[in-house]
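One chain comes next, on its own, written out as structure tokens in the form predicted alone.
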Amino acid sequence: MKAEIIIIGAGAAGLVAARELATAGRDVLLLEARDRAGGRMLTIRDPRAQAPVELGAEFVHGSHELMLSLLEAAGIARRERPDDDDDEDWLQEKKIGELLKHVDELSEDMSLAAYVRRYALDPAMGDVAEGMLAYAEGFDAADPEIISVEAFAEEWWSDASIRGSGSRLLDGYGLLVDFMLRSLGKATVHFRSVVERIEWKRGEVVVHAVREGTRETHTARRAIVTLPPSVMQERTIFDPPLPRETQEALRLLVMGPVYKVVMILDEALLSGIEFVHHDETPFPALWHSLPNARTLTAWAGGPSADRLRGLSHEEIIRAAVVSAERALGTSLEKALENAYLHDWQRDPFALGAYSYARVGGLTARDTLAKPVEETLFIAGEACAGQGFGGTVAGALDTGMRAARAILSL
């Protein structure tokens, strides 16, 4: 099939890029390996839950203009995150900020763990150091021994961090996915189309894919590639290989692991629960999602998630239930009605939850987003700068940026 522009991946970046280009009258072919759109947005509807079950993205980070305009156009309501400024147990934000000011003094980047060992020598800073490391593991799904402290600090001071504004979608990200799908105009969408190879030269792209067992070849002048960095690292997709600086940027980005189990419980058990942190369990974080919902989410990210690798689906869910029982001090045997899990680490089209930058990777996201010979445009949360890496808002921004770059040529 021949098109003007091929977009690979129907996640947030791919959908918004296809929408923008199709609206401008461009001939667009959107290829998606899964049998659904949304990428790492995955909303399940269970009437017992009385709220959407989010197995992927759940939160809206910051006050991102594009994100908010799309939500408004789609008619999707939000609930603002409660203000935690007075909760000194929640990462001691002001003290962490003070500690991070030393980042400006560094002659070279280092890991967050190494930074803490250097600058948190005062025993009184122990809780602050633990809070920083817990934030990296839980919020960034990162290994503190690997994540760049410069990138960590950039995110910390951004609107995307937990310090900034944030909210949840009352009806789930699935409605946003559906809205963008409906607004693709004349763009052609192929689901179950797994891209195996991208041959390219300036002004020409040939994409080899397998759709439901049938090999297909598609040609275009340009391509927007929204594959996660883990997938591009794992598979030899580009022929010829990407430029050296683009490959180096990919190397400096790591896909953090996350296990997220959403349990549907008896409503009475959830009364008064907002957020619970319990370090001594396989799932250190628990939260109740929305008012009147019957869902309790168990979260393990970074090293906590790594310790769960290799367990079966059922074993991971059981570990989440046990963690909840210990944290809440009660048995869930009679209250648990169902539990949901999607293993993003084993998902061949994700190979992880979302990205973070390793040491030396402060500018890797911007480098990855640079167009290659005005022909290949890489987009997705891994390309999002200004602290918005790993977020849906960041992914949307990069997709729109790639689409507008093409429209400007």
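Sequential numbering from 1, following the sequence displayed. None of the values given here were measured: they were computed from a predicted structure.
Below, we refer to the form predicted together with a small molecule, which is not included among the displayed structures.
Contact here is defined as any heavy atom lying within 4.5 Å of the small molecule in the predicted bound form, and by that definition each of 13, 38 and 392 is a contact residue. In the predicted bound form, residue 299 approaches the small molecule with a heavy atom inside 4.5 Å. Within 4.5 Å of some heavy atom of the small molecule in the predicted bound form lies at least one heavy atom of residue 228. Residue contact check for residue 173: one or more of its heavy atoms lie within 4.5 Å of the small molecule in the predicted bound form. Within this chain, residue 340 is remote from the site of the small molecule in the predicted bound form, having no heavy atom within 4.5 Å.
The contact with the small molecule in the predicted bound form, taken as any heavy atom within 4.5 Å, belongs to 33 out of 33, 362, 70, 376. Residues within 4.5 angstroms of the small molecule in the predicted bound form, judged by any non-hydrogen atom, belong to 220-228 and to none of the other stretches in 239-247, 220-228, 315-323, 116-124.
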